[in-house]
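The chain that follows stands alone, in the form predicted alone, written as structure tokens.
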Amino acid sequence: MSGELATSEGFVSPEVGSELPGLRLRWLRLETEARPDAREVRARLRQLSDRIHGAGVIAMRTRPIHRAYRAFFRQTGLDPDLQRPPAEQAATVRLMRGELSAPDALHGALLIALVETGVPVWALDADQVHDGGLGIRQTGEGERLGDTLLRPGRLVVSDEVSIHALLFGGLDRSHEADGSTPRVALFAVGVDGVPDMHLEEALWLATQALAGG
């Protein structure tokens, strides 16, 4: 990875950290309103598509980064063969559809970072994120993601005010960034066995893709 990126370490609540050591979140705000030419992002995705083949997708789960996410899914009660970790899901969709695709340049940049590193990156509307920053915690009684009531104990990405997403799940649609969002907050989630440098690289790649680099 080249260049320096000013990322922030998100909080992990003590009870979550003690139960799931190695779980962490890094995030950053992008103040720029610039967006790359969508054609450049599509061209990059086509290049990445050519690197994904059936045998490689099967072999993914044996590689350290992908194996770490699969192990975390099992640890938290998810079957990674049914609910695939993000990188495996992206590769499987590519095989089914014949190409990697995204609805806009922002999501294309996130997909580029995911495929290149195996680390998932999500984008929120930065204006919806409290100044205290993002982190991971469990839900309490009566909390909601948007209009959906969540059972207590769900792992979520939140700030001091709002729940923004289920961990490795859906985002609050009213907080999710899209191709027209002027300021975005990117966050990446790491688990035990995924080095910090891979989280930094994923955020850097997404940022560079958004800058047209």
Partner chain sequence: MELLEWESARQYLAPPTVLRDPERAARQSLRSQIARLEQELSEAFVTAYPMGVVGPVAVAGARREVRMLDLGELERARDDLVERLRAARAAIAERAEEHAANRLYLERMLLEPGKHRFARLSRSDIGEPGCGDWQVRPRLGLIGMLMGWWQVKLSSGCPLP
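Since this is a predicted model, take the numbers as computed values, not measurements. Positions refer to the first chain, counted from 1.
We do not show the form predicted together with its partner chain, though everything after this point is about it.
Shown here without its partner, the chain carries 21, 61 and 83, all of which come within 4.5 Å of its partner chain in the predicted bound form through at least one heavy atom. With the partner omitted here, the residue from 38, 52, 45, 167 that has a non-hydrogen atom within 4.5 angstroms of its partner chain in the predicted bound form is 167. The partner is absent here; in the predicted bound form, the one residue of 127, 79, 141, 99 having a heavy atom within 4.5 Å of its partner chain is 79. Remark: residue 26 does not count among the residues lining its partner chain in the predicted bound form, judged by a heavy atom distance of 4.5 Å or less. When contacts are judged by a 4.5 Å heavy atom cut-off, residue 183 does not count as touching its partner chain in the predicted bound form. Under a 4.5 angstroms non-hydrogen atom cutoff, its partner chain in the predicted bound form lacks residue 65 among its neighbouring residues.
Interface residue remark: residue 72 is counted as part of the site for its partner chain in the predicted bound form, having a heavy atom within 4.5 Å.
For the partner-free chain shown, 138, 151, 153, 154, 155 of 130 to 162 come within 4.5 angstroms of its partner chain in the predicted bound form, judged by any non-hydrogen atom.
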